[in-house]
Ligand SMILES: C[S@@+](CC[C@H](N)C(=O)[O-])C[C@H]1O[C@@H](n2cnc3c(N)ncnc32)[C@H](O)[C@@H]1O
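The form predicted alone is given below as one chain in structure tokens.
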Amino acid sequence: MHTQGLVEKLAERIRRGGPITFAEFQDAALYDPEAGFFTTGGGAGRVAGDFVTSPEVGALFGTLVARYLDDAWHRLGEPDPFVVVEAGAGRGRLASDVLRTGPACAPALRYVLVERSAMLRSEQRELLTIEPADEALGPVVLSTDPDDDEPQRSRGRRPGWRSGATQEADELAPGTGPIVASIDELPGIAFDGVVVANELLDNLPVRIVERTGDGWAEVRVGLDGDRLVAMLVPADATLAAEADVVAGGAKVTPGVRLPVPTVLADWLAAVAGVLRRGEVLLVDYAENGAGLAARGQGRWLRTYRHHERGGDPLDAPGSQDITCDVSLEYLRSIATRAGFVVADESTQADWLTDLGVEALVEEGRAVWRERAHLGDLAAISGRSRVGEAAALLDPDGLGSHRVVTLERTVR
């Protein structure tokens, strides 16, 4: 189904049920099974992609995330298994770089990539060895056959592990990692570990509200003939209350719009339902409510296509990425509601600095100085690390991303 087909599909839905929320429109534009942006091949990438995320800059970001995961593993008491769930994993670039680093937690590691797009999940196999999900998260033992030169894993199948299973992740055999699995939604078993979401939140569908003289109205997607258009309807009491949380006490004048990421609230509640003990690492575009109100919809709601800014979000749905900055006040509020403690907030630049990026850059410079005359892979890698760090720390770019760490203790 091409873009026009998706417009017709949405138009028919609106004719039958009335104007839809922007969140419903955004979900279809990004994930419609036949014409959604991500389901038809859109995504991150330096050459063939539509936008660049930190993992696509180079391997340095994954090296530092691996350091964070080792630190988190130590903070949790070095559990085995140590489950890391990467939500919105895309083509698996971050996971590949983390594993290539050889983190200390590797023997305990179960790395679960969660990616809704079937096409992107299939592309993960170009970078990673993917185990069947029910086997990778099922019981694992080592072969005791004396004729084996190397002990081999033997995995037990656990039917229904993704929904309703009572067996928990800590029943897995120790020392058999790293094992990588890929699924389309959060696992349905309780585990100790870490959930990583790098530039996921800005793609979660949002509802949009506009301040009026009487309170809040909701911006919905309706029709003008056969054309998709934005229109206002009264906001219900629940949405209006959430909009007040997004605003964070800032004075919002009539005509100003704000995003209300109710899907993010649902997602964090789902994470809380499976993360028994551990941390959630969130890296994304984020801003306080006053900043969102001051910048306006054209700045906090953006589209991308082939590394360029796209057009109006309602134009050509499915052909462009739709991304929205997250309200920090709202994120803190829903995290608390879900039972998390906000443990740390910083910029990406500060977070990477605390993880030792400057020492890694200096190491790269030293390798380049020593081997530049050879021009070999080590020399090129050393020089590349300097450029990667500059991009990752750029205060006007990726370095300005907010990094929020949430903690969850035993329920």
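As the structure is a computational prediction, the values presented were derived from the model and not from experiment. So that there is no doubt, residue numbering starts at 1 and follows the sequence shown.
This next part talks about the form predicted together with the ligand, which is not shown.
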{"property": "Answer option from 103, 90, 289, 261, heavy atom within 4.5 Å of the ligand in the predicted complex", "result": "90"}
{"property": "Among the candidates 96, 333, 203, 319, the residue which, in the predicted complex, approaches the ligand to within 4.5 Å (heavy atoms)", "result": "203"}
{"property": "Segment that reaches the ligand in the predicted complex - one of 73-81, 238-246, 125-133, 109-117, heavy atoms within 4.5 Å", "result": "109-117"}
{"property": "The ligand in the predicted complex: contacted by all of 31, 38 and 53, heavy atom 4.5 Å", "result": "yes"}
{"property": "In the predicted complex, residue 198 touching the ligand (heavy atom, 4.5 Å)", "result": "yes"}
{"property": "Contact of residue 86 with the ligand in the predicted complex (heavy atom, 4.5 Å)", "result": "yes"}
